[in-house]
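We begin with a single chain expressed as structure tokens, specifically the form predicted alone.
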């Protein structure tokens, strides 16, 4: 998909300091650490209790404290029933907290002025079936007071962004799930919001479509927008999020930058091989400190770099399906399981 003529490699554009000097990603992070950081979202002990009647109640979220900086992609993950959707609804002002407080774009949650600067893509969006894409976006644009040539130009811009301009005359009733998701992203952007809430934005998309949406999300961050992203697709969250919080049973159990959450043990190295044969597996067991399995992937952990890289070269020469060799680093899935255990929830996420 063409992102208005911007190549995928150009999506994450360099940032500059106040004197116009280009900053690397690391330098940019250090500048933000010492600067007066503006927050797009702040919650303090945010709690939502659902009273179900007959003395029963359900804890949606409890004592949730978050800080989301402007201009970052913030990921919220957790098992079903952990409180992700409750958190979204609270921040959007769709429901109200039992206790605690929160601010969105410097305003109390539910503030009309803050809502005018927010875009939202729910999971599985519903649209009027008889409309086509321009008609749909025209309706949403009118809710923000947009009219005439300005709105029409914005509609074309967004439909080109999500690769729906050539299919603009198709009625929603004939959309695939992926087409609905693309138009859903467009409607979330119609008012050029400063803050975007995306709930499972790649749901229903094939791998190419999911990659397209990730490129759009990265471009939006490059434009200075803040994205609050909820998804259970951990492998998709890992490469694009700046910070991640993990919820379990309505409470935050872990939060940090992706680098912090995924950092492995110091001075340890790993080799990953997909579906190793008996000889390869035996070699790994003999030389590795320990062996771990992640589905069909076998990971050997080594104390020395030279040992790991030498063995990796030998395994590759022998025809083994070598996936990775380098410093030991957890996956987001491993960090998630460590944080919430093997918990599973039968109830849907409230």
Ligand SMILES: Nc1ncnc2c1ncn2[C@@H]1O[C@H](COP(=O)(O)OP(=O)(O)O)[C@@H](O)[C@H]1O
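Numbering follows the first chain given and starts at 1. It should be emphasised that the depicted structure is a prediction, and the values quoted were computed from it without experimental measurement.
Keep in mind that the form predicted together with this ligand is missing from the display, and what follows is about it.
Asker: Where, among 54 to 62, 278 to 286, 313 to 321, 292 to 300, do residues come within 4.5 Å of this ligand in the predicted complex by heavy atom distance?
Answerer: Careful reading of the contacts points to 54 to 62.
Asker: Please pick, from 141, 81, 119, 75, the one residue with any non-hydrogen atom lying within 4.5 angstroms of this ligand in the predicted complex.
Answerer: Flagged contact: 81.
Asker: Only one of 243, 187, 203, 86 has a non-hydrogen atom within 4.5 angstroms of this ligand in the predicted complex; which is it?
Answerer: Spelling it out, the residue with a heavy atom inside the cut-off is 86.
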